[in-house]
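The chain below stands alone, shown as structure tokens; this is the form predicted on its own.
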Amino acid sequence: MSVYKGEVCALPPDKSISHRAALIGSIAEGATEISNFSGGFDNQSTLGVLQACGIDIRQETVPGVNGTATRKVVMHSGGLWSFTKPEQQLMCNNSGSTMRMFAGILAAQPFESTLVGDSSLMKRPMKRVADPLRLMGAEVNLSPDNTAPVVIKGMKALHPIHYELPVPSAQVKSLVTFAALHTEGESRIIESLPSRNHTELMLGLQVEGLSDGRQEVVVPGRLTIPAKPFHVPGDPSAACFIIALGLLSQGSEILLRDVCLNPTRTGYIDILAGAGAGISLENIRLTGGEKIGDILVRYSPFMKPLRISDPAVVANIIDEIPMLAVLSACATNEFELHHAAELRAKESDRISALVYNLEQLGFICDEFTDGFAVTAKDTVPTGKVSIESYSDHRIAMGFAIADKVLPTELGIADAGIIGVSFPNFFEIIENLAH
């Protein structure tokens, strides 16, 4: 097995920030320039639906650091109602972020639109999208199973709303925010557990703590949003996979440069550090309101098993759980997770997907409604083991890392799905290998 050493200066730009920068640019007044925009399939889907609704968008490749190339996006808009009725259905491909968050903007436009996706996205729950938008006055129709297509008959005069999120969801919080920006009056969005706060930071919204520990996002209506530049840092959810590679590979030492270290995104780093992982943060600074820095990771043979059961922690590491589960199983033969039922509504049922594939590798697993446990490793498979990705980029990447650190050879079905979020995943690993 290889040793992995070196610096990573070309992590994928953060998916979450890229989506939001484009959506905010589409409702801002003037020219928005986004540097280091993501070239992943999901973020390109967001640009595609915006262009289909009349937003002027230009992309170009520009030089980055250490000879890397980055993507710059320049978009022009006249403000909140700069969209035109699309001539056809709006294809979101595999991007739930695109479908859910853009729905908030479409709900305030005076035309009908239909959001669709690939076979995976068309199975994902969308009632959480429809419910708040219906309360605000939009007409939203779903399939009988409350999935896409999402048909929206927008209403320019949406009502302000006081809305408590049923479950922690940064996507739903953002879609309600985008809709509320178009209303006459102030809206408030209440969340019991904090979720990713990029939208609030990028829009400069006020967040108030409540006496019972919850918090409210305050959204003023008919807000004029002046265009401004955005810079997208490296994606911490992508970094998680390279971090796991370094922790699991004997003799490895990897430095990941310019990663988003927003506290709502780095819960998994705290978990790993608490379990004895050789991981540290360096060169921390603020850029555009976001905390960024470098992550140094070293091989860690004495890590403790990961046991995750705090709902507040789970809400902030939901995208990293697939890699944490594989990492803990490979390092310690143990892992435990509770209060993560949301994983069943991602690109795949990630609980069942992880359990199935870990059992293929000889691990003994117990599956729960809201999580699962790995209790031991029973056998070491002989020959090549087939891994099912379920067309889920994070499942595919998690087991692609396992393939690099386990003695068993893995064959991963539909590994190309990794391009959804991490187009240069295998290139980075190859460059680090010694």
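A residue's number is simply how far along the shown sequence it sits, counting from 1. Remember, it's a predicted structure, so these values are computed and weren't measured experimentally.
Same protein, other form: the form predicted in complex with shikimate-3-phosphate (S3P), not shown, and the subject of what follows.
Residue contact check: Val151 to shikimate-3-phosphate (S3P) in the predicted complex, 4.5 Å heavy atom: The answer is no: Val151 has no heavy atom within 4.5 Å of shikimate-3-phosphate (S3P).
Arg128 within 4.5 Å of shikimate-3-phosphate (S3P) in the predicted complex, heavy atoms: Yes - in the predicted complex, heavy atoms of Arg128 and shikimate-3-phosphate (S3P) come within 4.5 Å of each other.
Close approach of Glu342 to shikimate-3-phosphate (S3P) in the predicted complex, 4.5 Å, heavy atom: Glu342 belongs to the contact set for shikimate-3-phosphate (S3P).
Exercise: Met75 in contact with shikimate-3-phosphate (S3P) in the predicted complex, heavy atom 4.5 Å: No, no contact at 4.5 Å.
Options 254-262, 226-234, 133-141, 168-176; stretch whose heavy atom lies within 4.5 Å of shikimate-3-phosphate (S3P) in the predicted complex: Contact criterion met by 168-176 only.
Arg188, Arg71, Lys346, Lys291 - the one with a heavy atom within 4.5 Å of shikimate-3-phosphate (S3P) in the predicted complex: Exactly one listed residue reaches within 4.5 Å, namely Lys346.
shikimate-3-phosphate (S3P) in the predicted complex - contacting residues of 388-404, heavy atom within 4.5 Å: Counting only heavy atoms within 4.5 Å of shikimate-3-phosphate (S3P) in the predicted complex, the single contacting residue of 388-404 is Arg394.
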